[in-house]
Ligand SMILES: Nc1nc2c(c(=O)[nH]1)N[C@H]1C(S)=C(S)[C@@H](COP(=O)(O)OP(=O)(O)OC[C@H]3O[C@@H](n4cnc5c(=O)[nH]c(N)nc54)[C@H](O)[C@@H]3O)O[C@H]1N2
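The chain below stands alone and is given in structure tokens; this is the form predicted on its own.
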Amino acid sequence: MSNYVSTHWGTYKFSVDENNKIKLDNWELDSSPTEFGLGLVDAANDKLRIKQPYVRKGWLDNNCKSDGNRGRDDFIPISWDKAFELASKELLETKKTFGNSAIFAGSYGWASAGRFHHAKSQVNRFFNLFGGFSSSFQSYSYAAAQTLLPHIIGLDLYSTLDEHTSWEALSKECELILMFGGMPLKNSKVSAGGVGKHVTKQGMIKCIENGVEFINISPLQDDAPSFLNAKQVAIRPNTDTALMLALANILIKNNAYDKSFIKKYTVGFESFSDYVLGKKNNQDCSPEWASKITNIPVKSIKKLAEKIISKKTLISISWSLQRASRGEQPLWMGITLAAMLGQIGTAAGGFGFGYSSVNSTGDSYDKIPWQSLPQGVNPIKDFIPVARVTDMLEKPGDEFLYDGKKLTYPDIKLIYWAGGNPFHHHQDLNRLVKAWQKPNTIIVNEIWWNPQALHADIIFPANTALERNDLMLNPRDPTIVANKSAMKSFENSKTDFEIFSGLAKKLGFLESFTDNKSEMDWIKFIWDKSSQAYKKKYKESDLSLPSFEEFWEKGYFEVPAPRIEKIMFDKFRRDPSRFPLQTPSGKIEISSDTISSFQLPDCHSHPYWFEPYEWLGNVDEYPLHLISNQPTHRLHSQLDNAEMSQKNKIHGKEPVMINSKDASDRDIKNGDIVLLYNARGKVLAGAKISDNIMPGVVVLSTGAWFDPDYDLNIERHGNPNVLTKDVGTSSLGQGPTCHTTLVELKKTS
């Protein structure tokens, strides 16, 4: 019998010796494992684990109300019974006095790869049974895209990802992959919901072996793996839309775009073309115009246009590009450029959104509607776009725009958070800290003494994936894994299911919450229901899942690869009248009448160049552009306390990559402690000098645990979100804009 633990960064084999010491090993069937996941064992047993429930002293002394000292107070250890009593009392009082809409139940869903112990599912089931809650919609990773894509191509974000052309198909027909924002391989080490085998590197290699050329359009050379031998086009951050508009300008003026594709499969090109040619009381979007914006020479822009005209080209857009000021525009423009090249619906090109952003994009799999934990229905309709947490807390009752609707921020009195860390994801953390003081009560399920725990009032100590049984059952991964408990619960910690069961008992709906099922009962229930879905999917064949006992013994099962490789929009291309897109026109909307009807000042009817609110084209006292990309040695802020993340710090601080010229101008040497600052905050980091980053740009990866010195008003660990601005991409998508940030830095004394 093999024992596995599956996570959203990979699947590992584990063994336990006679002294109960756990050892994790890479799974031999995974050719490109994520090494940092091996640090889970040490992190699960380290000094930062929360051993038992705690309550914040100031909150308790202030009659269970906020005293403005969250994040700088002491905690008192209490029993589970006392913790359940305090939390249930606050939940009931909030519900009775203010109604369920005053409860914000936050979770980010990255908590585990388990289908049962998925924190967001547990949160939703509990609070829906309690009468509902104010919720959030979207993901920080791709919020602007989630709102835009249904208007432009008629698919939600997740359906779009499922449609992506496979690496195998691309390797056979595509000739050029133009990577706006690159394809950093480190990002593909993870997938929401879990990873069996990592396939992205092998997919890229197959493309290279078949002669596909890659071009990396990014300020960071490392955004393309070295084995791609990608040509680097260094571009000012946040100016990709301008470059694409110039390429469109060249295609139009040279009569080199695919008119038949545009006519048959799109709407709104004429209006867009008038804008590109400067016929709408705007500048002509010429290469000369774009060169001034992007800092790319005119000659290079023209050569790039020659390339995409002469080769079968995939336009690849990184998720990172839409996490910026007016982030809807580069994605919309990328789809438009791909439409002009006319290869959408074939394996020769088209567009992609997120190749190498996660492992599953470009993988070959049949999507099966696996069973998840039943969550019920939330009767409370109040919600916010996920990145608008601080606005919600600061401005209860205020109106805001989102996707053409006028909505109102709920008045939140209690926050319950499990399976996420807003002090990682959110922007302008100094603003968030102040807003975080406003609710009466904050309750969290948390594993470690991280900033999420330190800014709470009641802390329930939660388990890691090593301490529970589960199924890794990801609809976008062809491997199913039996996640077996490798260790007993650490000290007095519990699973989220046990925590919510304890609260449900206090509140009088234990039986409804558990459905009289134990952990293993639920896992078998999910397996049995998934088996039915599997049989339905393959009803014309003999394919079926093995018995649960067989599967649990072996430890994994692999869904057979699809017979036909996925090609995005192939049916639409073959017969657009029979297989129309779910847009108002049934076609790709280069211009959208729907978006136009919203009359938004920051998102027009077609792709458009908006000057970012901060950028290198208009610098003042902060002359460097900060990129806060995904880290190499952890996922987001997860496992920042583990060995691999810690050993890559510089004097205990997150490294910041600085070009040698910028470092020399400031007398900074490798390994120096530097201060990054702007009007929003100050952050300490360790200098890492490299010419892989273009001058004028610095890179401080996201995910260092927020470690503020409130007296000195400085963050000591290197968390870039102290510096990022908390404003939406636009009033259409309201996504985060972490990649639109100007800073200065200097060596500390």
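Computed from a predicted structure; not experimentally measured. Start at 1 with the first residue shown and count on from there.
The next section is about a form of this same protein that is not shown, the form predicted together with the named molecule.
Distance check, Thr702 to the named molecule in the predicted complex, heavy atom within 4.5 Å: Yes, Thr702 is a contact residue.
4.5 Å heavy atom contact, Glu446 and the named molecule in the predicted complex: Answer yes; at least one heavy atom of Glu446 falls within 4.5 Å of the named molecule in the predicted complex.
Gly349 within 4.5 Å of the named molecule in the predicted complex, heavy atoms: No - in the predicted complex, heavy atoms of Gly349 and the named molecule never come within 4.5 Å of each other.
Contact label in the predicted complex: Phe180 to the named molecule, heavy atom within 4.5 Å: Yes, Phe180 sits close enough to the named molecule in the predicted complex that at least one of its heavy atoms falls within 4.5 Å.
Position in contact with the named molecule when the complex is considered in the predicted complex, options Tyr108, Tyr402, Tyr265, Phe130, heavy atoms within 4.5 Å: Comparing distances to the named molecule in the predicted complex, the residue within 4.5 Å is Tyr108.
Listed residue (Ser318, Thr147, Ser360, Thr294) with a non-hydrogen atom within 4.5 angstroms of the named molecule in the predicted complex: That would be Ser318.
Stretch in contact, per heavy atom within 4.5 angstroms of the named molecule in the predicted complex, of 591-599, 134-142, 526-534, 501-509: Only one stretch passes the 4.5 Å heavy-atom test: 134-142.
Full three-residue contact with the named molecule in the predicted complex, heavy atom 4.5 Å, for Asn69, Ser101 and Ile458: No, the candidate spot makes no contact with the named molecule.
Partner contacts in the predicted complex for 717-749 (non-hydrogen atom within 4.5 angstroms of the named molecule): Read in sequence order, the residues that approach the named molecule (within 4.5 Å, in the predicted complex) are Pro720, Asn721, Thr724, Cys738, His739.
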